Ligand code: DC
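Single chain ahead, written as structure tokens, the form predicted on its own.
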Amino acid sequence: MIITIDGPAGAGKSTVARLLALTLSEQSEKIYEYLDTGSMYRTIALLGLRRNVDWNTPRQLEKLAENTAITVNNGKTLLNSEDVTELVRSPEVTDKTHFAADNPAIRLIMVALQRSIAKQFLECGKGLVTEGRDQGTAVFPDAPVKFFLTATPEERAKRRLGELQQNGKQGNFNEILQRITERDLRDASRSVGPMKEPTNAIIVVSDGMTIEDVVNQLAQKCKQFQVKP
């Protein structure tokens, strides 16, 4: 069983998907794995930074993607066997990730890899909760359960500002809001795998909801779709 969660940046997809996989696993005898597809594009960006690629020469980044082993399993992202789960979340990597995510050739490589990972999980009798921008549209269009998790740009900016403040960092609400708006436009307008609501997706607007509220709502929806152990 494949469950997809798509939506814009800052909607909480990664946290919700990870917790939903844990919740479904606890509620049944079947294990649900969590696939963080965004970390895969971030990994290519990390490698690009390490290799000092020319970001204005897409082919350099494409070559890295073609010759790099990326593994995502048990919530960990591995780059050629190196655990880069935390490293790919750095601001420097975040700033460059769009060069990988907006590259049509790299997206094709990542889509094939994501499908391969899903196949391995399913063959082992596991379920999969996967999140990203194009999971229910381009990667797994036939998934039986598809969600589109979103929140208003203002809500997402407020959450991001709160995260920065919790970590002792400064932030400007208007600047964060502008970056989110620009990111939404870029994600929705890319030529391959643009962000959009998948056909037959359940739309969840998380304004005013806690992470627990969202996870519980999605878990209940999964039951209605008869997600079986």
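Values in this document were obtained by computation on a predicted structure and should not be read as measured data. Each residue number is its position in the shown sequence, starting from 1.
There is another form of this protein, the form predicted in complex with this ligand, and it is not shown here; the text below is about that form.
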item	value
Candidate stretches 140-148, 153-161, 127-135, 78-86 - the one whose heavy atoms come within 4.5 Å of this ligand in the predicted complex	127-135
In the predicted complex, G38 touching this ligand (heavy atom, 4.5 Å)	yes
This ligand contact at R179 in the predicted complex, heavy atom, 4.5 Å	no
4.5 Å heavy atom contact, T71 and this ligand in the predicted complex	no
This ligand contact in the predicted complex: I106, any heavy atom under 4.5 Å	no
Partner contacts for 87-102, taking this ligand in the predicted complex and a 4.5 Å heavy atom cut-off	R89, T97, A101
